[in-house]
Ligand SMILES: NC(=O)c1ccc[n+]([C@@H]2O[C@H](COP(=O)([O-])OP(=O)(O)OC[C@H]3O[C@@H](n4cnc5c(N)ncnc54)[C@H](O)[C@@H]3O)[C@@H](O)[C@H]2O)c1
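Next up: just one chain, as structure tokens, the form predicted alone.
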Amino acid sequence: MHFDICVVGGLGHVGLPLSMAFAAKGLKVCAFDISQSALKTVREGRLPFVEYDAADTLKKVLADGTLVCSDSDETISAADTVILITGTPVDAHLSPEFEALLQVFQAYERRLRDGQLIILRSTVYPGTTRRLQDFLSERGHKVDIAFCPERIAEGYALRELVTLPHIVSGATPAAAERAAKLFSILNPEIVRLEPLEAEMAKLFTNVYRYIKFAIANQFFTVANDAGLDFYKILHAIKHKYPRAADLPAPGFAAGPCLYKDTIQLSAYNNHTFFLGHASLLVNEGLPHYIVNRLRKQHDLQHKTVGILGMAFKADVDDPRDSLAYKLRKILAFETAHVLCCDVYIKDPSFVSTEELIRRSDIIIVGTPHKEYRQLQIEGKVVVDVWNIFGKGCQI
């Protein structure tokens, strides 16, 4: 069977919406993935994670036959374009692991064929596109290499793939032209860059957001230490004042990208990215700050503390790198009992929302899911850093 596109890692949070988007435009797409549970779920026409406005599209592209799911790497050879959903992870020493990407290519290089377009989609360490082009050329592969970073917000990918401009770069002009032609099918607005520029653009975008969250979190701790409700100040700052419109509210800045990409940018800059380092300390320190403030006011060793929401952001079911789990670890040492719940994540160790509220002495909002906004919690200490209840937050 011939495919226009094979998406390697095609059933994950990035790969599946991208596969569906191209398939919905009539291209023949194979979502290649080794996850048997994801394969079973998607083949049955069900989404393996929360992705809004995608359920009907999935059923349609499966019925039309434009989307095929497979765990056979032979599908890589059958495609004109191979899109790789593998980024650059960070190891325990906070160093980027370029080797992880090379290992993927080594595992599947026997399936590559001359003339293919290979597109890197996930965040990579600066210089990766060029290095990969050299790596494959040295091994005799005559393929075009492009880097076209994903820019979507998890949960809303299918909407944004057809509304946001696509950044496109290629190791050669021919690779860039092919990639631009492909992504213009989703949205004709294409921004062309050189590979290193595109790699930097992706990192800068994520790190900028991380730094903004750190500013808000630092302001929150300064105000809270002064005995003030930061949300009253935030309202005053932003009310009909456009120059402060992009100042975010405080909360747990987490997920699989922002922290990691800040470390990658720091590594690229010889670990002298001091603004990024400061942001890491602020954002990663927020769970400790909350517990330390509570310890000063309560005998935590005899308290049950509940964490309301464990996903890394609101209204999704993704727990990856969520700071709510870091908070749980800290509380496990400091308190008598820790209870957790989440309306989207299934975990046998979690309790229901109702049980958590009933049994907890102190409740900390870990994730501001929309389902929690109408909860009525009386007679409990509530730490609502996100201000989902609209009552501000002082700890």
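The structure displayed is predicted, hence computed values, not measured ones. A residue's number is simply how far along the shown sequence it sits, counting from 1.
The following text describes the form predicted together with the ligand, which does not appear among the structures shown.
- The putative spot formed by Asn292, Asp321 and Val385 is not touched by the ligand in the predicted complex; no residue has a non-hydrogen atom within 4.5 angstroms of it.
- Of the candidate stretches 100-108, 164-172, 240-248, 128-136, only 100-108 contains residues with a heavy atom within 4.5 Å of the ligand in the predicted complex.
- Using a 4.5 angstroms limit between non-hydrogen atoms, Ile152 touches the ligand in the predicted complex.
- Shown alone here, Ile34 lies within 4.5 Å of the ligand in the predicted complex, counting heavy atoms only.
- The ligand is not drawn, but in the predicted complex it has no heavy atom within 4.5 Å of Leu182.
- Though the partner is left out of this view, Val8 does reach within 4.5 Å of the ligand in the predicted complex, counting heavy atoms only.
- Among the residues Cys257, Ile119, Ile307, Leu265, the one placing a heavy atom within 4.5 Å of the ligand in the predicted complex is Cys257.
- Shown without its partner, the chain has Lys202 as the single residue in segment 188-213 with a non-hydrogen atom within 4.5 angstroms of the ligand in the predicted complex.
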